[in-house]
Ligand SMILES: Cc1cc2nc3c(=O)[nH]c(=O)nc-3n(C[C@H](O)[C@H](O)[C@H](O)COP(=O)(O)OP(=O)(O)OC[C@H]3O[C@@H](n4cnc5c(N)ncnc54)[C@H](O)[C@@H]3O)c2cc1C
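A single chain comes next, written as structure tokens; it is the form predicted on its own.
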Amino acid sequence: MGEEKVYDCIIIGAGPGGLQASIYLGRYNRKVLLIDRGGGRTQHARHIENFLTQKAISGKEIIELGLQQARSFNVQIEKGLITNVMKNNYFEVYAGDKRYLSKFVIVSSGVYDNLPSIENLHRFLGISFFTCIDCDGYRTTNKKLVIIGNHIKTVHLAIAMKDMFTKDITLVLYTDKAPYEYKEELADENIRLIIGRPVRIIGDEKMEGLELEDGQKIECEVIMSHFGYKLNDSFLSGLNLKRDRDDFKYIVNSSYESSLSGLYIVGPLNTGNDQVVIAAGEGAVAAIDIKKRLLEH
């Protein structure tokens, strides 16, 4: 039996960061394997309007075009769910019963939005039901907006959105966590505050309103949901990587390398901002750093 193949770099996840890194490393004629589970947050983005030269493009298009581009530079692409990553002489990356070896690893596995349990939500997801102010806040401009959440930071979000996008805002908090001074500020900003639990989005072709558990109906054209997200990082659990003060996101250096030498983390798993264009830039930086280090070996 021949020796096991050792890749120069294995990239986990075909998000914008992973794809951009694979294109750079492929163009350096390196042995690159990109493993992707399919799906992902970018795939669900209907309207990306803040990426240079793209007046409007869907996340699905970005991923499909990126995969084609990566293949054109001889990047090997496989579908698989990563279950574990270890480091001995080389990185060992496990996908089901398969094991792959690599000198470097780039993690671009992304996050999952915490979506509330609301009837009809998926009908409007990415169209008029949004989860990211930087991605889709603009799409609420001058519309009747409901913001839903369960955190004091949701109050800050409501005030920020009024300043930038629309004056017609109703804030629905699941629990009455807002201190008196926050309620005063909301009143001063003319933002209606309701404590309640949404159960159904009203509307067929377009959003018309939001129904609460107590039967109350709030008229709206768009909803911004603010329940955070969870990281797609279970396969990193055995590596004891350094995280931020909240023990949530991973700490990386200026080249997006984690506390484990040779393991890079790009996209929303690190402590930077979570945007397609930013993740792509991070992937490029990580790939250039890996190129330099491969030349030093």
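One rule holds for the numbers: they count along the sequence shown, beginning at 1. For clarity, every value in this text was computed on a predicted model and none was experimentally measured.
What comes next is about the form predicted in complex with the named molecule, which is not displayed.
- Judged against the named molecule in the predicted complex with a 4.5 angstroms heavy atom cut-off, the residues R27, V105 and D289 are out of contact without exception.
- Of the candidate stretches 191 to 199, 174 to 182, 77 to 85, 206 to 214, only 77 to 85 contains residues with a heavy atom within 4.5 Å of the named molecule in the predicted complex.
- The named molecule in the predicted complex is approached by S109, whose closest heavy atom lies within 4.5 angstroms of it.
- Among heavy atoms of S255, none comes within 4.5 Å of the named molecule in the predicted complex.
- Although the partner is absent here, Q69 lies well away from the named molecule in the predicted complex, with no heavy atom inside 4.5 Å.
- Remark: E219 does not count among the residues lining the named molecule in the predicted complex, judged by a heavy atom distance of 4.5 Å or less.
- Interface residues of 222 to 256, taken as those with a heavy atom within 4.5 Å of the named molecule in the predicted complex (partner not displayed): N232, F235, in sequence order.
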